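Below, in structure tokens: the form predicted on its own, a single chain.
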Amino acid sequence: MGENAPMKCFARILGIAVGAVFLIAGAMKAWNPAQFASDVQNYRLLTWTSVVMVALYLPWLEIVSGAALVFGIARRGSIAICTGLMLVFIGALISAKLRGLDIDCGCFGHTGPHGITWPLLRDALLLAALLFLLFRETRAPR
């Protein structure tokens, strides 16, 4: 019993869109790792050494995972990685909000302080899309 074409097309377009978000976000962070390190440090969750590691490697993980989603390569793995990243991002945003930090999320490079509410809503929507894709991928026959 095959999947209907409109749903398959929707899932493919959704995967491309979510992958593009990760690809763009990673590229904007990779463009200025020093500024991204400062944005990560503002969360006050990691040691400086860990902040530097995150600033240097996280953007490339986002770029590779996003590109894999866009091009449909290793879909299950890239969806799983992006889902895990999104859970970490949401956790960091909630932590900052609960501690009353007024910081730039650093999600798309340094864009200035805009609060945490919009990034949290955006990330929740991205997580919902990723969970939909993950559910489809894990239940689809190989």
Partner chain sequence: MRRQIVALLLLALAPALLAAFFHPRRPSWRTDEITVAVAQSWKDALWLDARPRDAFEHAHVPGALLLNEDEWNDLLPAVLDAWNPDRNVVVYCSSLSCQASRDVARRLREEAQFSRVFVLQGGWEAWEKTHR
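Just so we're clear, the structure is a prediction, and the values are computed from it rather than from any experiment. Residue numbers count along the first chain shown, from 1.
The form predicted together with the partner chain is left out here; the points below concern that form.
Enquirer: Would you classify residue 93 as touching the partner chain in the model of the complex, given a 4.5 Å non-hydrogen atom cut-off?
Expert: Heavy-atom contact with the partner chain at 4.5 Å: absent for residue 93.
Enquirer: Spell out, yes or no, whether the shortest heavy atom distance between residue 83 and the partner chain in the model of the complex is within 4.5 Å.
Expert: Residue 83: no, not in contact with the partner chain in the model of the complex.
Enquirer: So in the model of the complex, is the partner chain close enough to residue 60 to count as touching (4.5 Å, heavy atoms)?
Expert: Yes, residue 60 is a contact residue.
Enquirer: Contact between residue 70 and the partner chain in the model of the complex at 4.5 Å, heavy atoms?
Expert: Close contact is absent here: in the model of the complex, residue 70 is far from the partner chain, nothing within 4.5 Å, heavy atoms only.
Enquirer: Along 86-102, which positions have a non-hydrogen atom within 4.5 Å of the partner chain in the model of the complex?
Expert: Contacts from 86-102: 100, 101, 102.
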